[in-house]
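Just one chain is shown here, as structure tokens, and it is the form predicted on its own.
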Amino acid sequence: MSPACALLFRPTAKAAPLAVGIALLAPAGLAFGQEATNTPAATQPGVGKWYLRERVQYIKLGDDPSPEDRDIDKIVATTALTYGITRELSTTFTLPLTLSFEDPASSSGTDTEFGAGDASLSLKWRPFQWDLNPVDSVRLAFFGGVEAPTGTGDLGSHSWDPFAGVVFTSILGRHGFNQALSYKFNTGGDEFNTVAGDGPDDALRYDTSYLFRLDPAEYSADTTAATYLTLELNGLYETNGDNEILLGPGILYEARTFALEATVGFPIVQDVDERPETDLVITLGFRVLF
């Protein structure tokens, strides 16, 4: 719910407790807004507010097409810090740290690598927001930025890669939907890169998420948090023809100034020849608004 919507909603005496309950959740709703773990949402933090998001992922890769025929496991911790410039505009700095374990078929040992991935700086602009009532809302946002060659060794693309995208969000009663589409112009990258989307070919990401508010069924004056079941489809198509889609069920807990999340991703489409396939992704995360 936006502040403008809250001002427009003038409750009767009977509806006052409901308005108070919704107002208690407003700060969280502005920043988090039923945003699933791996799919963007057309939400923004308040003006002058900071939004910190931390995700830790375990990624199991398989069927490596490189000459080393590697078994690869990764633990990736991604920090994203967003600042609300205006009600419609925000900027985000993102930095991943990766611990990678590779077992080449030609060697009995494990190669371990730790370092930073490619950092990115982006802007998100929301030109459209239609608040249907104090809870329901429809929003559209555009985002774009650039990934910098900060990656260590094989953990990055070693190139400046611009990207742009669009995301549509709707919150209707207990249901939330997000649909995002983005394109990254890769200007470099290793032939056998182990990071999806960081190879020499451009990458098209297409993401869809559905969230169902499990609790509470209805907001009240006592409501201070909400719990959601989530389901995501996260796709990545590269211009070399590689295409992969992950299905991810999860759970999200949103309070006024923080959120907790967990999800698991399984491949349902794998047509990948130029990089290792993704066999499993487990994600744990938290978010803080301050």
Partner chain sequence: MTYLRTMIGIGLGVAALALTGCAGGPTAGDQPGIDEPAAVVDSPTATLIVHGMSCPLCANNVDKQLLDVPGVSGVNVDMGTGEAKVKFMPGAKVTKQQLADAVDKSGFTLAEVRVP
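Numbering follows the first chain given and starts at 1. Remember, it's a predicted structure, so these values are computed and weren't measured experimentally.
Another form exists, predicted in complex with the partner chain; not displayed. Remarks below refer to it.
None of 135, 167, 195, 72 but one reaches within 4.5 angstroms of the partner chain in the model of the complex through a heavy atom, and that residue is 135. Just one listed stretch, out of 75-83, 91-99, 178-186, 114-122, contacts the partner chain in the model of the complex at the 4.5 Å heavy atom level, and that stretch is 178-186. Proximity of residue 254 to the partner chain in the model of the complex falls within the 4.5 Å heavy atom cutoff.
Contact between residue 49 and the partner chain in the model of the complex is found at the 4.5 Å heavy atom cutoff. Heavy atoms of residue 246 never reach within 4.5 Å of the partner chain in the model of the complex, leaving it off the interface.
Contact check for residue 58: every heavy atom lies farther than 4.5 Å from the partner chain in the model of the complex.
Looking at the partner chain in the model of the complex, residues 139, 171 and 258 each place a heavy atom within 4.5 Å of it. Residues from 202-227 that approach the partner chain in the model of the complex with a non-hydrogen atom closer than or equal to 4.5 Å are 202, 219, 220, 221, 223, 224, 225, 226, in the order they occur in the chain.
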